[in-house]
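Coming up is one lone chain in structure tokens, specifically the form predicted alone.
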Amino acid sequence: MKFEQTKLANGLHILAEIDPNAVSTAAGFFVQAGARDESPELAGVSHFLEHMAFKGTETRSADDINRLFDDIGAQYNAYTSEEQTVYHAAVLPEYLPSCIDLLADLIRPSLRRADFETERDVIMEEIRMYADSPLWSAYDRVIRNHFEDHPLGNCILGTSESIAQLSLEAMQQYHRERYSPSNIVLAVVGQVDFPALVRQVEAKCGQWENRPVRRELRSASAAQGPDELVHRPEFLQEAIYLMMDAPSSRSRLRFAADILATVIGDESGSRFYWSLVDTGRAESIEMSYHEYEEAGAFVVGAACEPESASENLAEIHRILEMTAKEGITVDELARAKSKLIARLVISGERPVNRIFPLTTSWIYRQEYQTLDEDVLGLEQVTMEDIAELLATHPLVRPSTVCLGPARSIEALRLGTMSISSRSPSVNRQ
């Protein structure tokens, strides 16, 4: 395995983890443009722009793009998060030049007005679709409540109002500003001829105009957001979400945070699983660790029958408070390490998966971290690290949202609860 990196004169960074024995290659353009970069007037523009990338360029129609990806047998997709918009594909090594050409074209879309108006309707329908999901609706509210006025609380989809009012000109300006080459990383993993890759990218992307890009970076408040009960009688299940402060992407405790979340809330064999899923009290429950620039969060999401919601939320509180007080056991630490390392190694064997941790490490920490180093980071977590994590990020007084048919939930007992009843919508209140 060999790592290469360079930067073009206009600021575009190129990374490659080269494995001459790989039988596939993955490539992705990682644009530092996400929900946290949007003003209220631009809410949802990053995700909308991701859709527009597939509507055609100056030289290729939407049909051309899809056909050409199919011609080379590519597995391709894109996604938008709080901090990034990513366009990626996996191909056989001989088709990498064609893949790079297509991906580079994608992120310079023509942004035609007719396409914009058509896709606006698609986005509006997507907003309505997600509003019909109890878990999504609850997550959208809890992240907003927890981060309050911090931009990490912005909704990735935006709102019906923001999308309806967004202009094509505002999107074009956002694209010029955020899709500056100095704000983009191209990463390639697998069988790669790096000098040939750099020559191709220089010819294809070297003339892109560079503009200064700034992201607001400030620590998110660790204060608890309000507890909220949202009465949605049309749903059959109650969705429960909790959010708590966690280490940021640059913290040395990030590996410990992954392990702690696995011990408490892995989808199988965790404290939550044995107490709530295995006993049939909840259909699902999971705790995960989310890392961001200058912030982090532990997130708990559960779905259950509405009549069980009070008891289940009380049990979630009990497990979190017990863990905060007593920590975890040596056996739990070892078991969580085994789970996470196995998943990491199995996933990392494929370039299509390896491309994401590789680029995340480079963007967040400006370092190349091998798969072996990631494994070592998990292996080296000690009981003392877990104790330090619980001391600095206690699992108490989480921001909580319960959304569904329940009219009251006794375990929402912290004195900051607001109750609302509303029709299906993701519009902010």
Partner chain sequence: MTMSKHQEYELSNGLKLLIEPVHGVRSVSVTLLTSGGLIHEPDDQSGLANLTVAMVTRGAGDRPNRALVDWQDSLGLQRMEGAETAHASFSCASVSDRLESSLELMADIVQAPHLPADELELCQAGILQEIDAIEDDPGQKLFVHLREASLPGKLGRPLLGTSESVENLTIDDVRRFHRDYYQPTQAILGIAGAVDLAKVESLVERYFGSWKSTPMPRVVTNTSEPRNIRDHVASEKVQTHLGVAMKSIPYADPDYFEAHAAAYVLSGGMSSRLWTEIREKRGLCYTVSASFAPFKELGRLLLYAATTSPDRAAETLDLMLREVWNLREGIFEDEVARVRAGLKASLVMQQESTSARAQLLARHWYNLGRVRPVDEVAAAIDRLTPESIARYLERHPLEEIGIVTLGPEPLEVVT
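The structure displayed is predicted, hence computed values, not measured ones. Residue numbers count along the first chain shown, from 1.
In what follows, reference is made to the form predicted in complex with its partner chain, a form of this protein that is not presented.
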item	value
Touches its partner chain in the model of the complex: H51 (any heavy atom, 4.5 Å)	yes
Touches its partner chain in the model of the complex: R67 (any heavy atom, 4.5 Å)	yes
Exercise: R397 in contact with its partner chain in the model of the complex, heavy atom 4.5 Å	no
Any non-hydrogen atom of I346 within 4.5 angstroms of its partner chain in the model of the complex	yes
Heavy atom distance at most 4.5 Å to its partner chain in the model of the complex, all of I107, R318 and E367	no
Stretch from 196-204, 251-259, 170-178, 276-284 whose residues place a heavy atom within 4.5 Å of its partner chain in the model of the complex	276-284
Listed residue that, although its partner chain is not shown, lies within 4.5 Å of it in the model of the complex (heavy atoms), from F356, W208, Y76, Y139	Y76
Single option in S310, T159, Q237, S81 placed near its partner chain in the model of the complex, where near means a heavy atom within 4.5 Å	Q237
Partner contacts in the model of the complex for 260-275 (non-hydrogen atom within 4.5 angstroms of its partner chain)	S268, G269, W274
